[in-house]
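Single chain ahead, written as structure tokens, the form predicted alone.
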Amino acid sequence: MAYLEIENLAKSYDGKTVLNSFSVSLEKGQILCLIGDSGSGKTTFLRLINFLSKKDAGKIFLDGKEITKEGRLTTKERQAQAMNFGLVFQSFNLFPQYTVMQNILLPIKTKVKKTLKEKKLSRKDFKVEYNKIMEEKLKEADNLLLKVNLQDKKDSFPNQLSGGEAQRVAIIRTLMLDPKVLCFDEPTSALDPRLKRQVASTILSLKEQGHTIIVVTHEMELASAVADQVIFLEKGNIIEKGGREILLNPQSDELKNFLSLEQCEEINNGQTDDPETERARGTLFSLSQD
């Protein structure tokens, strides 16, 4: 069985099917890119596997174990399974009133407190253990900020960051939770061409660190640069899937039409193919400088 196995995942709203019998197998360390028009079911898929929405049908297996079940999961079960997935939102979702370091540590603080409460420690032991863990997490966050050349920004607020810097902070915050599968929702949205190349480099560097990644994108350049697998969705249905070569040699009329429209949109927006775009390699976030 593959590292991530999804069988017949489905979701409807008000009688309208938005995701229909979605199935895919993803090996550890692979990157899956989902493409398709708005409303094709891409975001619904992300919400389902991150347990932000409840599925109507289907099963999810992770590392050989089923993490779904028939009927409804309890709130506690949903929260536990959601920790297997980390979602980097399109808008980054940084809290404007908190510094970079506070934003990074906030989710892990919540996770650590919850874990320690379940151990039913005394107040004194709780405090000692909590401080010990958070001291280690602070060092981990410092190391990650250093790798992305953002250590001098740890006391800055989100409105003092560029788009690329804010995105890297959001990625670090997600990595701190140690998810088994890392998900990106439109990671290159509204970024300039230089930052888009940096995003591709970042995603590939994360892959080299052993992360399994799912990317929802409307950028065919990004998908062709990073994907091991590509799935094209239309109206909740998988129309075509395969390696990144399907972007160069689509078999279905639907994907041919979609790619043609995407190319026309890029031309109309004044964008051309960038010869510098490549499958960038190197250390984690090695090219992530603004």
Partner chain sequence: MSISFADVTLKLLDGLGTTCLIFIISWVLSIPLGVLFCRLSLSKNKIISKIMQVFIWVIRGTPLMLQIMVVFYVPGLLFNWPSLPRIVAAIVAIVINYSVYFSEIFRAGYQSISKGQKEAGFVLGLSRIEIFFKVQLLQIIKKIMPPMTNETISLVKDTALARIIAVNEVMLAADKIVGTYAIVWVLFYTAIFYLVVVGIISLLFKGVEKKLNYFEG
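Heads up, when I say rigid core I mean the largest set of C-alphas that superpose within 1.5 Å between the two forms. Positions refer to the first chain, counted from 1. Computed from a predicted model, the values in this text were never measured in an experiment.
As for the form predicted in complex with its partner chain, it is not shown, yet the points below apply to it.
> Mark residue 115 yes when one of its heavy atoms lies within 4.5 Å of a heavy atom of its partner chain in the model of the complex, and no otherwise.
No, residue 115 is distant from the partner.
> Would residue 50 sit within 4.5 Å of its partner chain in the model of the complex, counting heavy atoms only?
Residue 50 belongs to the contact set for its partner chain.
> Can any non-hydrogen atom of residue 75 be found within 4.5 angstroms of its partner chain in the model of the complex?
Yes, residue 75 is a contact residue.
> Can you work out whether residue 97 and its partner chain are in contact in the model of the complex, taking contact to mean some heavy atom pair no more than 4.5 Å apart?
Result yes; residue 97 sits at the interface with its partner chain in the model of the complex.
> Is its partner chain close enough to 38, 218 and 237 in the model of the complex that each of the three has a heavy atom within 4.5 Å of it?
No, the candidate spot makes no contact with its partner chain.
> Can you check 171 to 179, 209 to 217, 140 to 148, 193 to 201 and let me know which stretch has heavy atoms within 4.5 Å of its partner chain in the model of the complex?
Correct option: 171 to 179.
> Using heavy atoms only and a 4.5 Å cut-off, determine which of 162, 93, 189, 131 is in contact with its partner chain in the model of the complex.
Checked against the cut-off, the match is 93.
> Would you say residue 157 moves its Cα by 2 Å or more between this form and the one not shown, aligning on the core?
It does not, since the residue 157 C-alpha is displaced less than 2 Å between this form and the one not shown after the core fit.
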